[in-house]
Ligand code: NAP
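One chain comes next, on its own, written out as structure tokens in the form predicted on its own.
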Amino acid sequence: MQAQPSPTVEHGFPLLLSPLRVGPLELRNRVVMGSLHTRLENEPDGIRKLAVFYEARARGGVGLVITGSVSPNREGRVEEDGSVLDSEAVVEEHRPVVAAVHGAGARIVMQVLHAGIYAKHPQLVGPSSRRSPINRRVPRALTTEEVEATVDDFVRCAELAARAGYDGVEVMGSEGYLVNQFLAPRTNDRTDDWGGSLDNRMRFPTTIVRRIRKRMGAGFLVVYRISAIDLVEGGMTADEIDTLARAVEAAGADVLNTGIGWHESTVPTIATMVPRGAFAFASARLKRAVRIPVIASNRINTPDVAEAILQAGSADLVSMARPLLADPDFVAKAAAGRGSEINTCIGCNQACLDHIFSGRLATCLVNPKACHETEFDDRPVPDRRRIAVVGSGPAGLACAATAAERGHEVTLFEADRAIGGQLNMARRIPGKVQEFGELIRYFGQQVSASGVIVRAGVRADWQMLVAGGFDRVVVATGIRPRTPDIDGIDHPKAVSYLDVILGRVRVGARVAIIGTGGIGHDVAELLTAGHAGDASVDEFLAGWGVDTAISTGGGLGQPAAAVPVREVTLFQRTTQTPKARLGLSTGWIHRTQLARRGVRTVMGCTYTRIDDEGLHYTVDGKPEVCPADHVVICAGQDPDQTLVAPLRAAGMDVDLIGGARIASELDAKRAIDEGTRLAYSF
């Protein structure tokens, strides 16, 4: 499945938008809002906020909503304050969410998830006492009697979900959670009836599904989330997965939803650099194995990609979770021929997964209103004001478009001929080309549709802004690369990352990069990738060793040998590991990819000079030299606040947002959030 084109108004989506009967339910279309954890339930007034969140997606047109995870018992909760549905007392909390979704015309099922050895609390249990490599806690192995009791807890949870009004449940059997742990030899070394042979390992999920079906009858939807490829050593083979799929179908499941990879997998599955639709092969195989409908998932972020998967016969429905964080009106826009207006998920994980993994409320980089819906008043402003926004990077674009949508008269100044600012830099990095292009496309559409006056190719000075009669000036001028104090910094070999990314310099075969933050890693990616754009699906799967035939347990093969086009070394002054400055859920991808290409990292160094030999430095007082044709400077940025003082001296109301306020890395998440929230304050 190759990457598909961006959504356009000319495209139709006949299969995606067609109704489908799934078990006892008639769904209005094939779009499933996949499960995602928001932490809204832990917020003050969390149930109301959760209801508003799901209602927005249902009102936006999705056919079926699958909630965030709910545990069937205390041991299975994901974290200390994780959601549990194990008694009548909790049922009432769910009813407002169900009512909100039903009132907006969609169906809703509750995901029942037991975290098993992934649980982040002391009471964790598992099929065995083997610790997960991504969890420092050691689980207690369930006794035979406790396994039986856990099955009963799943069934009881489904019954309580029905009493709350849910149309069904999804049994979470993928991503390495408890049900998946019983299935894989990797985590199940039991010698009783729940371990050993494939039939015994399948007993846990099939018994859960069979007993839920028996208890709830035919009028209750049972979704089973199956791990279509584990992507870990000691996982299941294709034959075993197909056997499981048929057994779950026979036990009474109405539909199979596909999960891809365990959480500890060393293969990226949902990050930006994963090509769109890369794992459609897995749902296609399952569809051949069973008669019930199959849902495709992972990196499906436009209606075009979704429609192509359905047209190819690779699935009957498509699951999108983060794309509906990005744009709750995704389906409605596609149906109305407004695909170009969809705010596309770019797969960055910065505000969704990274927030959840660090105990924060989830949101979305491209849509900061996600999970914060109740904080924004979308009524038109009572007093229309004239606002100048200087700079069309992510902060300026978000502010200008949002302020104009709310009714203000907005003029956007951009010194370059094209809007986008630092986004135009990001879209030049292999693995980010398509998705960051989408972000510029979306904001360009919003700016145009909202009536923003765009003055591109105009470098606004303070006199021009004062004379313009604006009520307020928003300075979103971004950053200026910092030039470190190193002897020889003006040597021809020393070049700025801007010159490298923009192609202003022909970079040699040996490169030293000063700085190991996100920019330094992006430059290293650009210089070692061996291709100018994003990888194709085949290149990605081969590069990460994905065996699409799943001939061995877990579906892992030997990654294709990397052939770096340059010899690159990263340098940093501190001894702190570079991963601290990279994405929590994505940093490992960049580090792994660069390591395979032979990129070295030198920490704790002092830079001595740059000369004809290359970069001279010391580590622990010992002088070293890195022979280099070029030394790329990625040593941080400073905010560009040139306009602020003269504007304020002239009595203008001035706001600073994005990199112009704080120049730490190139933080699009903070920039878009600041721009959006500032626009709501006018």
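All residue numbers refer to positions in the sequence shown, first residue = 1. Bear in mind that the values here come from a model prediction, so they are computed numbers and not experimental data.
The same protein also exists as the form predicted in complex with the named molecule; that form is not shown, yet it is the one meant from here on.
Asker: The named molecule isn't shown here, but in the model of the complex, which of 631-639, 66-74, 25-33, 615-623 has heavy atoms within 4.5 Å of it?
Answerer: The contacting stretch here is 631-639.
Asker: Which residue, 94, 590, 201, 107, has a heavy atom that falls within 4.5 Å of the named molecule in the model of the complex?
Answerer: Going through each option in turn, the one that passes is 590.
Asker: Considering non-hydrogen atoms and a 4.5 Å limit, which listed residue (427, 130, 285, 573) is close to the named molecule in the model of the complex?
Answerer: Among 427, 130, 285, 573, a heavy atom within 4.5 Å of the named molecule in the model of the complex occurs only for 573.
Asker: Is residue 482 part of the interface with the named molecule in the model of the complex - any heavy atom within 4.5 Å?
Answerer: It does: once the named molecule is placed as it appears in the model of the complex, residue 482 has a heavy atom within 4.5 Å of it.
Asker: Is there a heavy atom of residue 581 lying 4.5 Å or less from a heavy atom of the named molecule in the model of the complex?
Answerer: Output for residue 581 is yes: heavy atoms within 4.5 Å of the named molecule.
Asker: Evaluate residue 265 for contact with the named molecule in the model of the complex, applying a 4.5 angstroms cut-off between non-hydrogen atoms, and reply yes or no.
Answerer: Judged by the heavy-atom cut-off of 4.5 Å, residue 265 is well away from the named molecule in the model of the complex.
Asker: Considering non-hydrogen atoms and a 4.5 Å limit, does the named molecule approach residue 407 in the model of the complex?
Answerer: No, residue 407 is distant from the partner.
Asker: Check each residue of 510-537 against the named molecule in the model of the complex and list those with a heavy atom within 4.5 Å, in sequence order.
Answerer: Result: 514, 515, 516, 517, 518, 519, 520, 522.
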